[in-house]
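Same chain, two versions here, written out as structure tokens and called structure 1 and structure 2.
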Structure 1
């Protein structure tokens, strides 16, 4: 079997004296869509923050694309993050500038590409997410689903190998959520991305997940393929999918 593209071993993390993740060991493989789920407060977002380096664990190992995330140096981390895209829950767009400028930010900060090529790449990414017509729109002129897609265009501006997405379909109507899910599948199929998605939306999970990681009280209660999760007799997992 190929080596995992993301791996944690005995990972523990938390806030002050509160332990949120407790001995979490997971492996995520290239070109998979892995969905991290569980009830509120189980540690999903904390795991995501540790994986992308926004938090440091209290114990354990995190490895992404062969890099040790716990002891990584700043210059090495900056290089690595060019291969990692993040779609934040609220989109995190800058409201004072058009979405084209938002999408251009990673390209301007992390490459030496000429401005005219940056503009072409931005147009390409916006077209990929169905927003080619909205190049000059401000975020306030977009619907919730369009803002999510604009944020996704920014997250993939550098063609990352890995995309992390925190509740990408939260608050969206079913049709818009389905459209965004299909876009995630397209990224995996056409661009070969590995996706790690934190969500609790059952319909989205069933549409996109290859693998499920179920967290409960900071521990990995289940890790396996979607069909295995759907047939699991673990009470918490069974209850989650039977709602």
Structure 2
């Protein structure tokens, strides 16, 4: 079997005295769509923050694309993050500039592509998320769902190898949510992207997930394929999918 593209071993992390993640060991392989599940407060977002290097674990190892994220140097981290896209829960767009500038930021900072081609790429990315018409809009002029879609366009601006998405379809209408799910499948199929998605949306999970990681009180309760998760006899997992 190929080497995992994302791997954690005995990962523990928390805030001050509180341990949120406890001995979490996971492997995610290239071209997979992995969905991280669990009830509120189980450590999903903390896991995501540790994986993208925004939080340091108290114990254990994290490896992304062959880089040790615990002891990574800043310049190496910045280079690595060109290959990693992150969609934050609230979008995290820069509010003082139009969404087109938001999407252009990584392209301007990390490539030598001429400006007018950057504009074309930005238009394509915004069109892919259904926001081509809102090119000149400020984030404050968009609804919550539209802001999230604009943030997704920014996260995929550089066609990263890995996309981390925190609740990408939460708060979206079913039609838009479905089109975003399809976009994620397209990104996986055409770009060979690996996706790690935190979501509670059952319809989305069923549409896109290859693999499920179920967290409970900071521990991995289940890790396996979607079909296995649907058949699981673990009460928490069974309960989650039977809602």
Partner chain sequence: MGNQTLQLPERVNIDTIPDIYNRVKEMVHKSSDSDTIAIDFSGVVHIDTAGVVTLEKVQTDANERGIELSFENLSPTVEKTMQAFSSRLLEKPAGKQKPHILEYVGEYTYEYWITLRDFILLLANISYYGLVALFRPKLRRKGEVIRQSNFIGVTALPIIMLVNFLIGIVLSLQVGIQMRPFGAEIFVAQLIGFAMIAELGPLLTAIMLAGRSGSAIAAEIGAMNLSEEIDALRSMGIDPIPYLIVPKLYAILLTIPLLVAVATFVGIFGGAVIGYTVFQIDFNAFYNEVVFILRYYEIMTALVKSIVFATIIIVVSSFYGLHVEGSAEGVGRATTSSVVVSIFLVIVADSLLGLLFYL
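Numbering follows the first chain given and starts at 1. Just so we're clear, the structure is a prediction, and the values are computed from it rather than from any experiment. In this text, the rigid core denotes the largest set of C-alpha atoms whose superposition between the two forms falls within 1.5 Å.
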Form predicted alone, given as structure number: 1
Considering the rigid-body rotation between the two structures, state which of 196, 99, 85, 129 is located at the hinge. 85
Smaller rigid segment rotation relative to the larger between the two structures [°]: 12
Between-form comparison on the rigid core puts the Cα shift of residue 112 between the two structures, in Å, at 3.0
Per-residue CA shift, residue 141 (Å; core superposed between the two structures): 4.1
